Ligand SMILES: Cc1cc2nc3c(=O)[nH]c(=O)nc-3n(C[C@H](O)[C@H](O)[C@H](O)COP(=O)(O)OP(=O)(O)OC[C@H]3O[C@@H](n4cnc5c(N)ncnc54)[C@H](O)[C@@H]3O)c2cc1C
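Single chain ahead, by itself, as structure tokens, in the form predicted on its own.
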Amino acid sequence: MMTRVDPALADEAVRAEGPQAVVIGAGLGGLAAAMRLGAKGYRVTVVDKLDVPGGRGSAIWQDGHRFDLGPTIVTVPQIFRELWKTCGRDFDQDVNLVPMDPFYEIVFPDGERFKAQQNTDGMRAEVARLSPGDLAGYDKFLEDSEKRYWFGFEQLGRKPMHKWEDLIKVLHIFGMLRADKSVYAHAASRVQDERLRMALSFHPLFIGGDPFNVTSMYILVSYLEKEFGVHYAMGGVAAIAKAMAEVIEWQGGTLLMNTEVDEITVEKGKRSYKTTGVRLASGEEIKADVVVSNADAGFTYNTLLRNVRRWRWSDKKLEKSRWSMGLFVWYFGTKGTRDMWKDVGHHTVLNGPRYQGLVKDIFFHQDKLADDMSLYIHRPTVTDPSAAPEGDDTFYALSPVPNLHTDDPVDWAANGERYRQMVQDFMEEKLLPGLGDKVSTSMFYTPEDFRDRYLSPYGAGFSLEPRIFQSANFRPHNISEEVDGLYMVGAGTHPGAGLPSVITSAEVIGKVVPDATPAKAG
């Protein structure tokens, strides 16, 4: 499907037709940015080292199983509908979203289960069943969550935050909402049951944050889920990426897959650098008026801009930053199990015996693997049978693990298979009895794969950790501080990681990149 064109010819063609934008990376943020720029009149070229669009949101087929490699759920679906509408298209004509009910099920160490769902009475019944005395506190927590959604997502997340005055204007609101408290601390102030505290505070792990240190602004996820639901895209998130790529080509844009960018080219002005385009690993150059990087912000600055003297995002600054945890993801298929494990749904969070202790090990002890774990388990075939051969199942099990940001990181070549067996044993004991005899195909990704496949610094799963002083204005800006004409999208820039934030980073790009103007004759 993707256009594969000689880069030199692509450069000549687009320069002849009008203002050119190059997007580095065909992840979801890059694809969304390309759509926005196409709608603004730019001739867009998207360049990506992988063979398919989607980045972390792509998929791999193996032995008849489709493995969705990264994100698996869609929240705030209206941001996709708005994106498509901006391009003159209808999202629901291109992508089939299915609501999840329940959203997911949390399995606690004591065997108790908690079904997160959109129905208010159903959620209150789940809370009351676990801890009747916490019902009033839960109601208050939801009120807190709604306030933070309107401020954190709508007021901050969907607007540029590159000017200090933008931050100064809202500092008092951060104080009023006690942004200095952690997500876990806020949950603990509302409910007493430790299981409920976990259920209300674990969400930052899905965007690379430590719930015991990340700002309580992120409790907004509870309202976001409740208000807009949790959805699954039939065909996986890769189906959304494919549809985005098709819109870009429909707009007249080009996708160069299996093509790696080596450097962002610049020219030195009197006071600053200005981008002139990109140089590919092949040595070819593509000239551009605008460059948008969907590569990790750390990789963009310390590799793609390695020859630029940077005043803020220096190598030293990036090295001293706090990075999100790594991920170990086991992708596996099972034979003849479609009617087995009836109590295991599409999304399951399987808790180990520790919560705070395990999180501390993951974020602060990068040189070792804990003996226990907690897992997110994805079973798409419950909803989408096309992910596996008839009668079979497709799964992935995701375990947060230390990243590689240490002098003595975990040796995954030596420990990968051992850890995979630990994941299998844990699931077989607690969730999927008889699993070992049913596995028919298998592969796994470690932080080393994230480093090599996605060019993620230190193998971090979600770029910079969303601490309070690594968020909003303190995060790499959507308008680069280092080079004029360079813009940033994706998990490593404002507003952060997670599908809604990545897509809204491109919405911000649509607000700060000037409209294309016709190329001058001659």
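The model shown is predicted, which means the values in this text are computed figures rather than measured ones. Sequential numbering from 1, following the sequence displayed.
A second form of this protein, the form predicted together with the ligand, is not displayed here; the remarks below concern that form.
Interface residue among G459, G490, P476, P466 relative to the ligand in the predicted bound form, by the heavy atom within 4.5 Å criterion: G490. Of the residues Y223, W412, Y138, Y396, just one reaches the ligand in the predicted bound form with a heavy atom at 4.5 Å or closer; this is Y396. With a 4.5 Å cutoff on heavy atoms, F67 does not count as touching the ligand in the predicted bound form; it lies far away.
In the predicted bound form, A187 stays away from the ligand, with no heavy atom inside 4.5 Å. Looking at P71, you'd find a heavy atom of it within 4.5 angstroms of the ligand in the predicted bound form. Residue contact with the ligand in the predicted bound form: A472 places no heavy atom within 4.5 Å of it.
Although the ligand is omitted here, in the predicted bound form none of R36, T45 and G253 has a heavy atom within 4.5 Å of it. Contact with the ligand in the predicted bound form, judged as any non-hydrogen atom within 4.5 angstroms, is confined among 294 to 302, 420 to 428, 244 to 252, 89 to 97 to 294 to 302. In sequence order, L28, G29, G30, V47, D48, K49, L50, G54 are the residues of 28 to 54 having a heavy atom within 4.5 Å of the ligand in the predicted bound form; the partner itself is omitted from this view.
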